[in-house]
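One chain follows as structure tokens, the form predicted alone.
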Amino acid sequence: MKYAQTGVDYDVLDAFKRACQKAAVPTALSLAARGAAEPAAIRGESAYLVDTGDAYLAHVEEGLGTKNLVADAVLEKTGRSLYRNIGIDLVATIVNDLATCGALPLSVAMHAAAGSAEWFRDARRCADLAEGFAEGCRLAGAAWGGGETAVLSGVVDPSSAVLAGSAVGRIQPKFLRVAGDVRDGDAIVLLASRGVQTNGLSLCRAIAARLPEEYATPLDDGRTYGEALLDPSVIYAGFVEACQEAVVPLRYLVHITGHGWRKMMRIEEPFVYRIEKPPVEGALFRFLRERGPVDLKEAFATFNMGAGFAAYVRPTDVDRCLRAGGAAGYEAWVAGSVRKEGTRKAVEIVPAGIVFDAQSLRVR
């Protein structure tokens, strides 16, 4: 099975993103009237920055995707609400993008758009979602600043909701900005994920539909498929903050979500990102590959495969980076290195024999 078969075709989505970036560029001229400016080369990054003189403000808008449909299915079949995890997931997908530029989140807002007001009548689901979102904000060190609830009859299915949100963060002092100063020989540090987190769920749902027991199908770790899919995401803002406090210079940061491991070559400059030590494949990813079936390259192009965040650092800063991350509660390891090989741009996962070339990621 392939992700594109579920309707998620990044070639189509990315073409729209590039068109939006092109149309958006002239609007930055408006910032001057507010005493602000747009930093160079920010379009196409995970977060948008505004230079306010003494600091950068960062802004991100993100959506959960379809993971809440898994939670709805589990709730219907078992009576067990895992919407608290969904709330954490929603914050994570927003603030993890925000943190890639070195910004620490200040406030996060939720946007919940249901197909019918009846969706909000389930008090337990709504309470769990609210508590999880609040917990996610606490884990990110941010305030829950507000949001929007909407009923979009005729746009959203009456039995479901689209969950999304935004965040504002700050980089101060400004030298803490992570701007992509990647160099030949830099180390690639990967941080462990907790399951699929928030990407590839359309493919996960398509696999569930083909299983006789659907989300109740057991994994070899003793849990059900549905339970494993609904593990809450790791929030990586604390890792960035820990590195900043330890004065560890971060060359570049990648939130491994849409496009999977191809995201590692998001920088425009051509480098080869050579991975020698990918994470050990967990029970959930093994299950997805076997029961899809999903071939290994498609899995790395779609899922995080056990690593949800990547940091590029100088070799001399690796030990301090790992210590800072470990002290903050993150599982991190040196997975590979950045190499300059002329104009070649690629991600190589050496033990798996997988290569993603430059044309497989076009987000600018």
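C-alpha atoms forming the largest set that superposes within 1.5 Å between two forms make up the rigid core. Everything numeric here is computed off the predicted structure, so don't read it as measured data. In case it trips you up, residue 1 is the first one in the sequence shown, and so on.
Heads up, the form predicted together with a further copy of the same chain isn't pictured, but that's what we're talking about next.
In terms of contact with a further copy of the same chain in the predicted bound form, the residue from 292, 141, 218, 249 that brings a heavy atom within 4.5 Å is 141.
For the options 277, 183, 77, 170, the one in contact with a further copy of the same chain in the predicted bound form, meaning a heavy atom within 4.5 Å, is 170.
Contact annotation: a further copy of the same chain lies within 4.5 Å of heavy atoms from the stretch 125 to 133 in the predicted bound form, the single such stretch among 125 to 133, 220 to 228, 187 to 195, 280 to 288.
Under a 4.5 angstroms non-hydrogen atom cutoff, a further copy of the same chain in the predicted bound form lacks residue 209 among its neighbouring residues. Using a 4.5 angstroms threshold between heavy atoms, residue 316 stays clear of a further copy of the same chain in the predicted bound form. In the predicted bound form, a further copy of the same chain sits within 4.5 Å of a heavy atom belonging to residue 48. The shortest heavy atom separation between residue 350 and a further copy of the same chain in the predicted bound form exceeds 4.5 Å. With respect to a further copy of the same chain in the predicted bound form, the three residues 92, 344 and 359 uniformly fall beyond 4.5 angstroms at the level of their nearest heavy atom. Residues of 155 to 169 that come within 4.5 Å of a further copy of the same chain in the predicted bound form, judged by any heavy atom, are 155, 156, 157, 160, 161, 162, 164, 165, 166, 167, 168 in sequence order.
After superposition on the rigid core, the Cα atom of residue 341 is displaced by less than 2 Å between the shown form and the other one. When the rigid core is held fixed, the Cα atom of residue 352 travels less than 2 angstroms between the shown form and the other one. Annotation for residue 19: C-alpha shift of 2 angstroms or more between the shown form and the other one, rigid core superposed.
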